[in-house]
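Considered here are two forms of the same protein chain, supplied as structure tokens in two stand-alone entries, structure 1 and structure 2.
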Structure 1
Amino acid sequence: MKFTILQDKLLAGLQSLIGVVPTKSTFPVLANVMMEISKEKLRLSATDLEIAAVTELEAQGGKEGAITVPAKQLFEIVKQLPHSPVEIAVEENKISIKCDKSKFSLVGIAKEEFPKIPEIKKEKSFKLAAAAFQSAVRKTMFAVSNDSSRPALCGAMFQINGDKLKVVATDGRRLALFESLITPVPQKSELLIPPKALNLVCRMLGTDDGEITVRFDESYTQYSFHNTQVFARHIEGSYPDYEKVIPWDNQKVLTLGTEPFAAAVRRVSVFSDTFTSLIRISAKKDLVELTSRTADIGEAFESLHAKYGSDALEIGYNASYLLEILKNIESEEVNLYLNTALSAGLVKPAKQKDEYTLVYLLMPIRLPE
């Protein structure tokens, strides 16, 4: 096995895959990346058994073949090489790397020990703008649960119904809902995807303004773009019926400037309780007051102009959760749809994007007497 490839191309390929490689594993081969050369194409593969990624790069091939190479060491070597052609040759399980005046050697593991990359069977598929996919992930993943005792909530739910895609994430205290149009899919489907795979795809896409193709079957989802594919094993379990908890009929509407509101929340949260991050929001006619207090330390107060015409309402929220929501709203104004001090509130951009819509649910914290 022998080939030559430009340093920057090899580095870019390895950089996109390195996030898949597990830092610890009982299987040594999982710390390696598979290198396969055929017909002047270098195919790089990595997997942690739950997620797999494959990318193809142009290379000047000599002898065809395949070997697995320690991923971290190869990445660090290539990162330090000059911007020159890199020559890689393999004899048995020994890999030699030459570039300019530099020379390295690594010991690899035979390709037969590397796990098989998944194949999508009886596939369904849809296409989505890369930017919309990135928005779907970045604006929902913060609400995914970290509680391993509820594995279904540790993933993001992709609901596909005709030409509509809904991406949902919740940890039971907050919920994020993203909705966009896609190329039509004939049957309704639900896919529970691990956040690691979705975040990896986002990083790989970079500033791409093209499309991403999503193929899926009962066990895996494949994300295809450029010359790259990422495979994610679905999380098993039943996702809660989130539609039942969304209070679409909340009638009290509070409208504020998104940035001024977020800035006020940040300032007031300095004196919020370290455990609950509780801040008190008091909505009055065309006015909002934010307060927080920590015994023996101090208290904070802010008032903001707002649009509000309903009965006065006091409600408590976790400031950190509220800020995460506001950070993902790009509209100049934000609407809070409220009901009572103890019922869930909805947070929406006052002006939704043409490409997608966003809805956030936030559970309140009971205010002390």
Structure 2
Amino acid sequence: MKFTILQDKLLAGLQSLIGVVPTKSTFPVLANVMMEISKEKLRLSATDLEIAAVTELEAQGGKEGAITVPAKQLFEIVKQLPHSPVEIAVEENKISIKCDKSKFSLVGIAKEEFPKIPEIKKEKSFKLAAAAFQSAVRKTMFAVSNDSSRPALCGAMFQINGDKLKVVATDGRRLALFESLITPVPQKSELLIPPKALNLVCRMLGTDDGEITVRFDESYTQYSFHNTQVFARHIEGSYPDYEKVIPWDNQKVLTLGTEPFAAAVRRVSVFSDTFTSLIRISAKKDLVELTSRTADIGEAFESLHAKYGSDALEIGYNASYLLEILKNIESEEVNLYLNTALSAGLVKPAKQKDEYTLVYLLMPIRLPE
């Protein structure tokens, strides 16, 4: 088997897959990328057994064939080559790479050793804009748990119902909910996706302004865009009934400028405890006071103008949780919907975007009596 491909095409293909290749694995073939050549196509695949990615590139090929070669070395070589056609030939367990006057040979592993790339059976699918997909991931992933004793919370929940997509992430202390419209899917579905796959797809999409197609079955989801597909195995487990715990009717509404609020939280958090980041937020009539204190170190106090008309309320939050939420709010003002010092609060942008809506939930810290 032998084929010719332009250097920049090959490089782009490898670049998009290299994130999947595990840096360290005791299963050697995973460090390799699978190359399959047919007449006019080169198909590259990589997997770490949890995620798999496949991309197809135009190439001038001859006979069909396949081999796996070390991904990192191939990538490093191709990166350094000039912008010329690259000729790759397979000889037994090796490939030779020729480009201009450079020539390399790289030892591979037989294609049979490479794990099978999953197939989506009895698929269902929907489409949405690449940019919306990226927002769904970037604005929720921080809330995914990393407590491996509760595996379901270590994934992001994709709930598909008709033409609505909800993406939910929670670690039991905060929750992120993203909602957007998609092309309709006939049946209700729930998919628990590992965040690693979602982050990878986001990175691979780059600044793409096209669409992404999401196909799924019982065990896998496949993300297709350009000529690339990413497969992720669903996390098994039952996701908690999050709808029940969202306090949609919290009455005490506190409105603040997003940026000034975030800046104040950042400053006050300097004197919060290193490992709990506790700050106190005290809402009074049209005023918010933020305080923190660490024994033997110091204390901080800030007051901010705010819109607030309900009874005074003092509530404790983890400053870093709060900041992570505020960072993802793009509207100029942010609304906090509160109830008591011990119950969940909602954080929403004062003005939602046209493309999607965002809701965050944050659990307070009970303050010392």
Partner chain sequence: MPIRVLPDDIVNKIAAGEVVERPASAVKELVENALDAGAGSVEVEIAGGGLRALRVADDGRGMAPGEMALALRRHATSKIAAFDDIYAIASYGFRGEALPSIAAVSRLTLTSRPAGADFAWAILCESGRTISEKAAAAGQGTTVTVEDLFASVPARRKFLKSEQNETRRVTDEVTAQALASPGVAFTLIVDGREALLCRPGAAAVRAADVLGSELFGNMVAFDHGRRPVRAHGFVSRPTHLWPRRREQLIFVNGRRVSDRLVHAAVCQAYGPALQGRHPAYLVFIEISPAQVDVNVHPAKSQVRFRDEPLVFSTIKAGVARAVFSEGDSHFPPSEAAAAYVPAGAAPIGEALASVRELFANPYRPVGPPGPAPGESQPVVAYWQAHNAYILAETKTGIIVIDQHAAHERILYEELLKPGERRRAQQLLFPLTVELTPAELGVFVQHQESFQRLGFDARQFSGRTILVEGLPSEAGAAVDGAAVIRGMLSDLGATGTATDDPVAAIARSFACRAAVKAGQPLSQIEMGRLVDRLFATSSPYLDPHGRPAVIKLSLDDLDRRFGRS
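This structure is a prediction, so every number in the text was calculated from the model and none was measured. For residue numbers, the reference is structure 1: its sequence is counted from 1. So that the term is clear: the rigid core is the largest set of C-alpha atoms that superpose within 1.5 Å between two forms.
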Problem - Chain form predicted together with its partner chain: structure number out of two - result: 2
Practice task
Determine whether the C-alpha of T183 shifts by 2 Å or more between the two structures once the rigid core is superposed.
Solution key: no
Practice task
Using a superposition on the rigid core, decide whether the Cα position of P85 changes by 2 angstroms or more between the two structures.
Solution key: yes
Handout entry: Core-aligned CA displacement of S25 at least 2 Å between the two structures
Key = yes
